[in-house]
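Only one chain comes next, encoded as structure tokens, the form predicted on its own.
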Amino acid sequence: MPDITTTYMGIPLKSPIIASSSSLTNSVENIKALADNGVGAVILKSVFEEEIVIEMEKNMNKMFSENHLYPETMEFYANDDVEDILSSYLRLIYECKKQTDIPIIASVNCVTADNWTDFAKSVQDAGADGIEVNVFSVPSPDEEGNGKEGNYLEILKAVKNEVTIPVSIKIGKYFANIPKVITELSENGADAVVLFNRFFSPDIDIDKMTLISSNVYSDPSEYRLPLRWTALTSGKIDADLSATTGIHDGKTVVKMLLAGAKTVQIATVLYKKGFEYVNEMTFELEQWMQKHGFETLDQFRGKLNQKNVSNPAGYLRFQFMKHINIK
């Protein structure tokens, strides 16, 4: 059989398929089941900056004055035992490392580098193999165009100052210049960049005239966005790239690896088809490798990124033409 082992952020993985951060990765039982079904690593369900800050900053009035922490968020956490949330999170890392043999990567969802980043050291001490920092905040109309990009770098540097384990940054698609952001993150020490995070998307119920949540699951067609930007940036930066969103089968795993991704991250397909489906995705990957004579992932990884594809302009095309042929 082909060898599908790889490394991610320098961490050895038995497979490039990673279970991304979700409610499915919040228990030892689930993570053991994911490991048994062949995932290469697990990204734990995120702990939020608000949770960390509330434990570390006992003065609620001060937190209400911070413009990045919202009153409804404070009200939610004020009624919960935040200290127990954080201790449970660290205990989850410890137990997962003790009971499984796959890398466990912690996840922090944040919008600033303020007050919380020394918690990263606790995550490292609990045994996490790495940290994925999921960053996003909604731009304001009076903000400079590059304001958010600078925030990403500030967060990255603050976390890197606290830990020696590898750090990945999970970014969104709302940048004027995505390749520049990825390059700057790599140049400033990101061990990996994850393309792209998936956000809560509001919708409107026109009958009840209320704000509701839209579909939280990805669609299989959505892989094309991370595919493009993976192909455009892989091979040009030192950081690894991990592709996520819309990866629902083994064929799409192959496409992402051909574009240059080091790993892929999946969630929706785990909800819809169960943990066992990882085995089918792995089988598809191995069958494709056998068919094309590849013994390792490195033999074809990046083979169709912009640097190597016969028509590199195909990745730069955005407008439809009357006739398109980019073979």
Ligand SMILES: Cc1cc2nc3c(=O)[nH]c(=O)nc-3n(C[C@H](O)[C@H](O)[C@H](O)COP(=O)(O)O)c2cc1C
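The first residue of the shown sequence is 1; numbering continues from there. Remember, predicted model here, so these are calculated numbers, not experimental data.
Below, we refer to the form predicted in complex with the ligand, which is not included among the displayed structures.
Which is the contacting stretch out of 243-251, 206-214, 183-191, 90-98, given heavy atoms within 4.5 Å of the ligand in the predicted complex? Answer to the contact question: 243-251.
Can we say 45, 196 and 266 each have a non-hydrogen atom within 4.5 Å of the ligand in the predicted complex? Yes: each residue has a heavy atom within 4.5 Å of the partner.
Please check if residue 124 has a heavy atom lying within 4.5 Å of any heavy atom of the ligand in the predicted complex. No, residue 124 is distant from the partner.
Is residue 283 close enough to touch the ligand in the predicted complex, meaning at least one heavy atom pair within 4.5 Å? No.
Does residue 15 make contact with the ligand in the predicted complex, using a 4.5 Å heavy atom cut-off? Heavy-atom contact with the ligand at 4.5 Å: absent for residue 15.
Is residue 218 close enough to touch the ligand in the predicted complex, meaning at least one heavy atom pair within 4.5 Å? Output for residue 218 is yes: heavy atoms within 4.5 Å of the ligand.
Relative to the ligand in the predicted complex, which residues of 14-48 have a heavy atom no more than 4.5 Å away? Residues within 4.5 Å: 20, 21, 22, 23, 45, 46.
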